[in-house]
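First, one chain by itself in structure tokens, the form predicted alone.
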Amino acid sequence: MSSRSDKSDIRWSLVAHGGAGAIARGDLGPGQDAAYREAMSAAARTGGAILSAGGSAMDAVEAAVRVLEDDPLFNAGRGAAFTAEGGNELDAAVMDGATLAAGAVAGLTTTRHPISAARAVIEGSNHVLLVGEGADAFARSRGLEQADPAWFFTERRWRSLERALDRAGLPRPQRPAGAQDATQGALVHEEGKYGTVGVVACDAGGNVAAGTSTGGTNAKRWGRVGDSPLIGAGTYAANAAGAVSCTGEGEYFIRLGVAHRICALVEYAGLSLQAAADRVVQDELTALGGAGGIVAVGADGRMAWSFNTSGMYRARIADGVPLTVGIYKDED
């Protein structure tokens, strides 16, 4: 499944995803379908408003991802999947295509907006990737909003954890103190292993950026980290090639270096962004046995997405191009 824009003179553009996986027609009820479309629209419009006002790709990406992190429908921030121990471990990364500056965090437990923590790593440290309690401590030191663990809770994600632990013969953890389901929590669709949110953007200056945020996999153990916070695997941006954010089975995206591989095919093999995305996702990722998808933009404003699952929550908006939102494979 792919999407392309035929315009080469787009002044700015933005593409967002809210995760890929088992999202076929009939899997979502009417209320769920509407809720996910509205949520993707809100994120895209938020980033698009910044770009249309002359703002930077980095600002647009961060703002749009924050919208999705605060929405309990998605496996990122509020609404994140639970670990086998009953907690939330949040990962995120952001990259500036103009400078190749990158920041990432993994294993956050108290920082409300992991994407902002990832950006703070760029602006407030000499590092690229911070993990665990040190990453949360760094976020606090930068004045980023913190949240009680109960903030991230949704009932459906918790029930999904219990079912996964029962199947694996593992004990159920104690329910988090003070946990109450968020308003939209009842509409959450369990899309499988692939929940992530991400945004890519190109601004009026021709600069691109990518950001990705996730709660990881359901019932994950041993401090597992997927591709989202790994630069080149789940997130990558370079003005010479484009910006890519991934969602899917992280272990496969890591092994292929999917985000960077797509950009390398554009920069060094001369493929179009869409052709590079389709080669990596439809051919190489599929051949390896991995499932998921990507969204991408080029420095010329062209937009692309590609996924090999039954669905991917997605939205695109651009200068002179109306907002388009899709969920299922037969939408373009």
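Sequential numbering from 1, following the sequence displayed. Just so it is clear, the model here is predicted, and its values are computed rather than measured.
The same protein also exists as the form predicted in complex with a further copy of the same chain; that form is not shown, yet it is the one meant from here on.
Although the partner is absent here, A168 sits far enough away that none of its heavy atoms falls within 4.5 Å of a further copy of the same chain in the predicted bound form. a further copy of the same chain in the predicted bound form comes within 4.5 Å of no heavy atom belonging to E162. Using a 4.5 angstroms limit between non-hydrogen atoms, L288 touches a further copy of the same chain in the predicted bound form. When a further copy of the same chain is considered in the predicted bound form, E267 lines it closely, a heavy atom lying within 4.5 Å. This chain is drawn without a further copy of the same chain; in the predicted bound form, the residue among G223, G205, P173, G87 with a heavy atom within 4.5 Å of it is G223. For the options L73, A81, L130, A117, the one in contact with a further copy of the same chain in the predicted bound form, meaning a heavy atom within 4.5 Å, is L130. The chain is drawn here without a further copy of the same chain; in the predicted bound form, the stretch among 149-157, 97-105, 206-214, 73-81 whose residues come within 4.5 Å of it by any heavy atom is 97-105. Taking a 4.5 Å heavy atom cutoff to a further copy of the same chain in the predicted bound form, the contacting residues in 223-251 are G223, R224, V225, L230, I231, Y236, E251.
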